[in-house]
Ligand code: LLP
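Before any questions on binding or motion, here is one chain by itself as structure tokens, the form predicted alone.
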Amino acid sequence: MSKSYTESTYFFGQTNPAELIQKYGSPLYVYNEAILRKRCREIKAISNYPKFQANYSVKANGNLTLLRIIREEGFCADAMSPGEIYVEEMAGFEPQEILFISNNVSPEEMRFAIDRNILISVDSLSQLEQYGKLNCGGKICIRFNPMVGAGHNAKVITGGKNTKFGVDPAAIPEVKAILEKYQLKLIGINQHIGSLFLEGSEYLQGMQAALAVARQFTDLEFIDFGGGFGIPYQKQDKQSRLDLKALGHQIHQIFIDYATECGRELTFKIEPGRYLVAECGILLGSVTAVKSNFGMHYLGTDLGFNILQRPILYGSYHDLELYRPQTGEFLDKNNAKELTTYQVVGNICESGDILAENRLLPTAQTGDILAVLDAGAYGYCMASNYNNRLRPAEVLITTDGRDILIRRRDSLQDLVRGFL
């Protein structure tokens, strides 16, 4: 009998899905510390250039315990909001280790970072003006549009002509005029092409676009080339991994060549998010109903889109595993006596509450446990209380295989805590 992905990676350590659900409730996010640390070290190994810096993009998963582990692995952090800055500070990140990559933020939010001596990246001329008025003579970073885009869905492509992000490089003369007007010192530029690429050609093209912008400014201290490094969401179909080692060799050479061109060592940054946390997270849920309507078979679960939004937002695919808690067995599709093609759906009062469409699985029964693989990125952080559903707990499987609670499950009292 073949092993499941979770068995082959010893994902659940000394426990198993049934024990975890019994102990912490369903649904449940589970993270594996060993996998998280492994992915961190793969990113750090991209280059041994002395001033290579990896900033974790916290929007992918802002759990405080995971942030502390990532910082232990030598990462700095990006932030997209005052809330992310606050949590990063709680995790131990110092002001100089945080880059606030702002997007259409208010003066109050900008002031929040300025007061903490946290460097801000702005991505429009009007936001650069706003910063100048708030912090005349200050240091600033600017996000430019690399005019190169990549991503698994149009909604996550952040470079090119059809995105809200970044300053058009054609506006560099206006940028320089605003910098001079407010005596601002531009110390860095950054960019981002999009999310979830599995081959590196667009990323390398984006790097060259960033360098073309950098050549138009003197005295830059750093260039941030962005993130977007993808992971294989279709492992069960043998989807290939991003060849990070080969891409790393090319990235490293660009670092060396540009530093040589400049005659000095700049800091070069990248900002991975998904790559670090996606595969270290699995979402567990329970099969609550099975039914057939007009020839369609439905697998009803407690995994509504309030728990995992990626499938309804982006049409995202996640591999699934089924477990039978009564026997403790993994239901192996390759050895199952009976298979059924299911619409895997949740418990939200919306027709679009679909986790997976036309998915061939071992024939299930109520009480089975469903595992959604690679749910560590853009999972819990996008969860909501829609339909007044409770957000799940989060659990960490430590490197020695123990399970520890790192965020409690919502209570009914939490639903009304903010009311007056």
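Don't overthink the numbering: it's just position in the shown sequence, from 1. This is a predicted model, so every value here is computed, not measured.
Keep in mind that the form predicted together with the ligand is not shown, yet the notes after this line are about it.
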At 4.5 Å between heavy atoms, is Tyr314 in contact with the ligand in the predicted complex?
yes
Consider Met382 of the chain shown here, and say whether it contacts the ligand in the predicted complex, taking contact as heavy atoms within 4.5 Å.
yes
Check whether Asp78 has any heavy atom within 4.5 Å of a heavy atom of the ligand in the predicted complex, and answer yes or no.
yes
Even though the ligand is not shown here, does Lys269 get within 4.5 Å of it in the predicted complex, heavy atoms only?
no
Between the ligand and Val30, Asn306 and Arg391, in the predicted complex, does every residue show a non-hydrogen atom at 4.5 Å or closer?
no
Name the stretch, out of 133 to 141, 245 to 253, 281 to 289, 226 to 234, where some heavy atom lies within 4.5 Å of the ligand in the predicted complex.
226 to 234
Please pick, from Arg359, Lys59, Lys44, Arg68, the one residue with any non-hydrogen atom lying within 4.5 angstroms of the ligand in the predicted complex.
Lys59
Along 355 to 379, which positions have a non-hydrogen atom within 4.5 Å of the ligand in the predicted complex?
Tyr378
